[in-house]
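In the block that follows, a single chain appears as structure tokens, in the form predicted on its own.
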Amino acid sequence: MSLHEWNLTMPRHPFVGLANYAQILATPSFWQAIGRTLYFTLVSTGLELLLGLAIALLLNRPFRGRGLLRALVLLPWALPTVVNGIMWRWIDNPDYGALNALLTQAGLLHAYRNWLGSPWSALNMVILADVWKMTPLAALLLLAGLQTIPRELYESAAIDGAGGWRQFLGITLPLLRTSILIVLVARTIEAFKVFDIIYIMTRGGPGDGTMTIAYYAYTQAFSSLLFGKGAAISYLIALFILLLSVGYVRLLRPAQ
């Protein structure tokens, strides 16, 4: 389909070779969508990895109520994305949203603000909603990796005088490399093709401020009815994800 001029308003779908790809790559809005998607992917994946690691380290320690806390941490991830998006639209509401109420009562904000009313703010609010939902998954994967590390290594390091920070750098991080790679690849793939949370919260607006590449493909295929271009963008998305995944694997591959 990506090699044809597939327009639902036209009766014929002639073969055009790579013309759809050439037109897309020459379109400024395509590269602007790529830029927003890269920002969304890097920021959301980075925050989810850092917060997930902190939560996993906490949940890996023995303390009273740990089982209950582990169950509570998973609640945001258990929510359907539609429910999560609607909930965050309510939280960000400029008239009665909980975020404005919290910040004004804490003295951090003097007047209510329309968090979804400007492109930059809206994009970051969507990232916040995604981080809130997906951080528990990162924590769960990292916690599984932490529990495979033998306790004897920490006991030997403590006998040798290594403190908590040195144990983290010398034992935890190297042995957690595979789990970190899984989190990075899985979340990068999901974040790069993010669509549903944006559709629910902002519909790509305001002013295309949250128009990621997956939403751009959707508008080309289902709003403009240009299925050939929509299919070409989908193949380009797969290519970008493949390149990012290969980069992660090479970056985190153990030294020979």
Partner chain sequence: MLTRRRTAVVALLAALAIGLGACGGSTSGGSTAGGQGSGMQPAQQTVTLRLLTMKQAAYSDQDVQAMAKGFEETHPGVQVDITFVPYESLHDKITADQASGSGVYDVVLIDGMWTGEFARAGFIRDVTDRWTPAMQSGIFESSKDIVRFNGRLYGVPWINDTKFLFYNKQMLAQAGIQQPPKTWEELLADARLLKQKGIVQYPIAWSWAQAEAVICDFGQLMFSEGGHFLDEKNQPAFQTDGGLQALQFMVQTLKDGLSNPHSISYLEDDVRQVFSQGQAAFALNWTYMYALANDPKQSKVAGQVGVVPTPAFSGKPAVGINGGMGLAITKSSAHPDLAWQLIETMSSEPVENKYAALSLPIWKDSYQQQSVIATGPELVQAAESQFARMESRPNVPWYNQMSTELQKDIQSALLMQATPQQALQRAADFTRQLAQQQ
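Small disclaimer: the values here were computed from a predicted structure and weren't measured. Numbering follows the first chain given and starts at 1.
We do not show the form predicted in complex with its partner chain, though everything after this point is about it.
The candidate spot formed by V185, A231 and S234 lies fully in contact with its partner chain in the model of the complex, as each residue has a heavy atom within 4.5 Å of it. This chain is drawn without its partner chain; in the model of the complex, the residue among L137, L123, A162, L181 with a heavy atom within 4.5 Å of it is L181.
Interface residue among G97, P76, P119, G145, judged by heavy atoms within 4.5 Å of its partner chain in the model of the complex: P119. Heavy atoms within 4.5 Å of its partner chain in the model of the complex map, among the stretches 37 to 45, 64 to 72, 50 to 58, 188 to 196, onto 188 to 196 alone. In the model of the complex, V249 approaches its partner chain with a heavy atom inside 4.5 Å. Within 4.5 Å of some heavy atom of its partner chain in the model of the complex lies at least one heavy atom of L242. Using a 4.5 angstroms threshold between heavy atoms, L8 counts as touching its partner chain in the model of the complex. Though the partner is left out of this view, A238 does reach within 4.5 Å of its partner chain in the model of the complex, counting heavy atoms only.
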